[in-house]
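As a starting point, one isolated chain is supplied in structure tokens, in the form predicted alone.
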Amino acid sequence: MSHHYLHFNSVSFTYPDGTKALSEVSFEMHHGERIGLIGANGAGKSTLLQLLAGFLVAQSGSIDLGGLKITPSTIAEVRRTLGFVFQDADDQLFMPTVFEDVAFGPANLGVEEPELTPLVMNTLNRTGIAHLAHRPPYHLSGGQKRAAAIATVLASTPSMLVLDEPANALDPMARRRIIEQLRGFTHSQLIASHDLDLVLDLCHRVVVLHEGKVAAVAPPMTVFKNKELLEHCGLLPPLRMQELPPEGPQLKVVEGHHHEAALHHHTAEK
């Protein structure tokens, strides 16, 4: 078996206030696989990601990452293997330039010149933002920040990517670019997202969480065609699979100064 795999085995976690966030969660992700993690708010997605990142510790069960059990004593090694892309790109971009942000991880892992600069530039090229190398992160658009955040993770050569809402707040073109980039990576990817169209575009399988339990593990179309399952879990199908509303009145497109004249005429009639 490839060492690029993830296995949740009967993982449970309860917060100090008694909230049971995860209960007996089990699923596997294999080498090169992209899995979508979906569920309504409060389903347990954030807790699962925090367990993976080592911010929380499973109270029962185990998480196996490529043969390495995730525990407080192994978390430093886990974080060298697992590339985590946060929901807010600003949480990962803190250096004066994009180049320095991307160089930060490998430099701290011991990569030095003359290897460091080619590694950084290759990573920036892979994510399509080499032209932004010397740009301050705070001058970037949302899509550019997201690509830069992904580049900071890829530069440390992880075995697996975990992405929290990778298309959050992106415009349609930036969203499409991120989807194409993720599709081009050979890494195993766990993608937590409310964007079910993105999950349908990218993922080989879907893990559905509901009230802290695994409600289903299946290919995206199998999940999204199951209306009873979606309703039970408080989800709707991807937009492209939803029925269109009845066609309304046709809008007449008026261009240039003609639009102004038509608007003036319409107002005058009132």
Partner chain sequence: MSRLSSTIDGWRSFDSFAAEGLISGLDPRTIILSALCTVIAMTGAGKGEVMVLLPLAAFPLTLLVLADIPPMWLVKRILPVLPFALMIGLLNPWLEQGTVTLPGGAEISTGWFTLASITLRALISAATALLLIASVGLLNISRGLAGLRVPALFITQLQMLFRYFFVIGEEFQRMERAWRLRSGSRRGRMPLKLAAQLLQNLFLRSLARAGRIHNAMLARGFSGEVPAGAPLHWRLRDTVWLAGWAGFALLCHSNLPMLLGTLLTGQPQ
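Residue numbers count along the first chain shown, from 1. This one's a predicted model, so the numbers in the text were calculated from it and none came from an experiment.
If you look for the form predicted together with the partner chain, you will not find it shown, but the lines that follow are about it.
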Checklist outcome for this item: Answer among 195-203, 175-183, 124-132, 89-97 for heavy atoms within 4.5 Å of the partner chain in the model of the complex: the stretch 89-97
Checklist entry - Is there a heavy atom of residue 108 lying 4.5 Å or less from a heavy atom of the partner chain in the model of the complex? => result yes
Next on the checklist: If we define contact as a non-hydrogen atom of the residue within 4.5 angstroms of the partner, is residue 144 a contact of the partner chain in the model of the complex?
Outcome noted: no
Next on the checklist: With a cut-off of 4.5 Å between heavy atoms, is residue 79 one of the residues that contacts the partner chain in the model of the complex?
Outcome noted: yes
Checklist entry - So, in the model of the complex, is residue 188 in contact with the partner chain at a 4.5 angstroms heavy atom limit? => result no
